[in-house]
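Encoded as structure tokens, the following chain is the form predicted alone, with no partner shown.
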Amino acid sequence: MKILLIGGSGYIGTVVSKFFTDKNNVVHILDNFIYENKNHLKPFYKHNNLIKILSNNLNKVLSNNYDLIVILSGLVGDPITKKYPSLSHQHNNLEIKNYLKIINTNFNKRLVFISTCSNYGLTDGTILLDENSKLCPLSLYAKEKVNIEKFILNNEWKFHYTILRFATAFGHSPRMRFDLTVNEFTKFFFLKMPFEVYDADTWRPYCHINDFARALEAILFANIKNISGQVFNVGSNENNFTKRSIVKKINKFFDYNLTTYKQKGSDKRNYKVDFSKINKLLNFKPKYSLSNGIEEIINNLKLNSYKDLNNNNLYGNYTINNS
């Protein structure tokens, strides 16, 4: 199979690339490397001859006759989009709409747009939200995702599209991020760094990045009738956690706890998500638990897999190159 990942050099994209090339598929990546990670990723690409980095000329790229196109691109996360609102609108809205229009001229197979469960925003946390639940995006990041979802759903396309609302990611990646809840808390514990947790009893769903790759594989090989025009939450009901419960999970690997709990943080999100639709229609269920991901990160920290660990710009979406 031949797969195009638009925005494929990021935290999730590198794992997806490895997942598919490990199964002898060809992966092409379109990416403008807006973060300070290009040199950081060179070893990953150098030793994988099934991955190819392409120029950003999408019209020419489409002549490669892909079986699957995945749109991962954009400024990912609430803080980075808040920091660069105009660039967020450019990359997360206008650019993606332009990609879709170009792809529609010369592609009739499977396309996946990666959205987010952050679209659900704020609830009382007592009910599971499914794909038909009301969207209540709080951040610019989520609002742009909802905007693109509506753009896709309200237009006619030659390709067969699927929208995947990813839960909050965790786990090890060649382009590691330590600005994500599970990864960040695990790092703090490992380094014995005191840290504050705001609104510890708010809910959110989590999913290992390897399971995101498995979900994309499920889309690639599913009956087209089961995926065309569909929206799926991607994660598992068992991985709905509060921040307090995540701290407890991580604390099982350590004999100390330097966490302080506080109220009234800036991130007000609170939602639990139902993932039964993707399990029912695609027979997909995540394999990796929160504990699997925590142990994986701890092992990589012990092996010193993350060089220059204090360089936030290498390990998170904080600052854009040349900004």
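All residue numbers refer to positions in the sequence shown, first residue = 1. No experiment lies behind these values; they were computed from the predicted model shown.
Beyond the structure shown, there is the form predicted in complex with a small molecule, which is absent from this document and is the topic of what follows.
Name the single residue among Thr186, Asn233, Ser115, Thr162 that comes within 4.5 Å of the small molecule in the model of the complex, judging by heavy atoms. Of Thr186, Asn233, Ser115, Thr162, the residue with a heavy atom within 4.5 Å of the small molecule in the model of the complex is Ser115.
Sort through Lys243, Arg110, His91, Lys249 and report the residue having a heavy atom within 4.5 Å of the small molecule in the model of the complex. Only one option qualifies, and that one is His91.
Picking from 284-292, 250-258, 61-69, 31-39, which part of the chain touches the small molecule in the model of the complex when contact means heavy atoms within 4.5 Å? Correct option: 31-39.
Quick check: do Gly171, Arg214 and Tyr306 each get a heavy atom within 4.5 Å of the small molecule in the model of the complex? No, the whole trio is out of contact, none within 4.5 Å by any heavy atom.
Please run the contact check for Ile103 against the small molecule in the model of the complex: heavy atoms, 4.5 angstroms, yes or no? Ile103 lies outside the contact set for the small molecule.
Exercise: Ser73 in contact with the small molecule in the model of the complex, heavy atom 4.5 Å: Within the cut-off, so yes.
Quick check on Tyr315: any heavy atom within 4.5 Å of the small molecule in the model of the complex? No, Tyr315 stays farther than 4.5 Å from the small molecule in the model of the complex.
Can any non-hydrogen atom of Leu4 be found within 4.5 angstroms of the small molecule in the model of the complex? Close contact is absent here: in the model of the complex, Leu4 is far from the small molecule, nothing within 4.5 Å, heavy atoms only.
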